[in-house]
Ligand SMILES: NC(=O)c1ccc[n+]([C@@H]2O[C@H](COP(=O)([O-])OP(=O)(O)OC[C@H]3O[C@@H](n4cnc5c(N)ncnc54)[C@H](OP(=O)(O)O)[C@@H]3O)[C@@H](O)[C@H]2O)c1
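Quick setup: one chain, the form predicted on its own, written in structure tokens, and binding and motion questions come after.
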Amino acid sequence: MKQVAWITGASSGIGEEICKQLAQKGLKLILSSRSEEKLQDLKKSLPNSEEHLIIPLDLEHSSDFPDLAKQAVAEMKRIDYLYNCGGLSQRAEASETSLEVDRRIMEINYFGTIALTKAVLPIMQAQKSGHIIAISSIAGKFGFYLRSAYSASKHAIQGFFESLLLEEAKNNISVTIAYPGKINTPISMSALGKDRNAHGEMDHNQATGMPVEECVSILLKAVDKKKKEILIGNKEIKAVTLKRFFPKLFWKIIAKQSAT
């Protein structure tokens, strides 16, 4: 029986590339994002397109996730992997960011992600198997300019999924938390500014980042090995080690980095 993977944020960036690489490996996919049109285009482009299922969802509106999970398992019979890739970034200083923006980012990145995870968990528990992948960010390891709400949401992701990892080991359910650094994706285009408007620009850090194909290849190898966490990027990921062992030097260097 072919394995089944559910991917949120499937219509762009890391999520889209995960779909492409998993389909090449022969998995059956459940494709989710807000744009059904983009999902339809993606599905048509994938190998064995007739085997894949489209379930549009909006992480900001999670009340129907239990029903969507039931639909998914009814049609696909099982869910072996859940890739939580959907999310929203930020480009605004904390003092200028409305509380409405803080709440929206947390609702999408944290509450939406854990809501879908909790909807899928009973399925994996019944199977006595499964693997949940959370796409965090290097900003989930330390704060950074213009990312206060985004970084906070990713720190919350780490706490939740590290706890889940311990609790679900008894049910043969694995958890991997990925911390991408600068990856060449359009995430900055839709990032929220201080007043909910999209940033609308491809930041230099993204444009010059690791190719998304390489990022996802590294991620999938880590998932195959059931690693609990994986840092993905170029030299920027060394900042995590620097902060741990040489914090004074870390803060001196990080303060000089470009926000975009």
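When you see a residue number, it is the position in the sequence shown, counting from 1. Keep in mind it's a predicted model, so treat the numbers as computed, not measured.
In what follows, reference is made to the form predicted together with the ligand, a form of this protein that is not presented.
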query: Output flag, I14, E60 and T185 jointly within 4.5 Å of the ligand in the model of the complex, heavy atom basis; finding: yes
query: Non-hydrogen atom contact S35 with the ligand in the model of the complex at 4.5 angstroms; finding: yes
query: Heavy atom of F161 within 4.5 Å of the ligand in the model of the complex; finding: no
query: Contact label in the model of the complex: I133 to the ligand, heavy atom within 4.5 Å; finding: no
query: Proximity of I173 to the ligand in the model of the complex, heavy atoms at 4.5 Å; finding: no
query: Listed residue (S190, Q125, S98, Q71) with a non-hydrogen atom within 4.5 angstroms of the ligand in the model of the complex; finding: S190
query: Single option in M76, I108, L165, A152 placed near the ligand in the model of the complex, where near means a heavy atom within 4.5 Å; finding: I108
query: Contacts with the ligand in the model of the complex, stretch 61 to 79 (heavy atom within 4.5 Å); finding: none
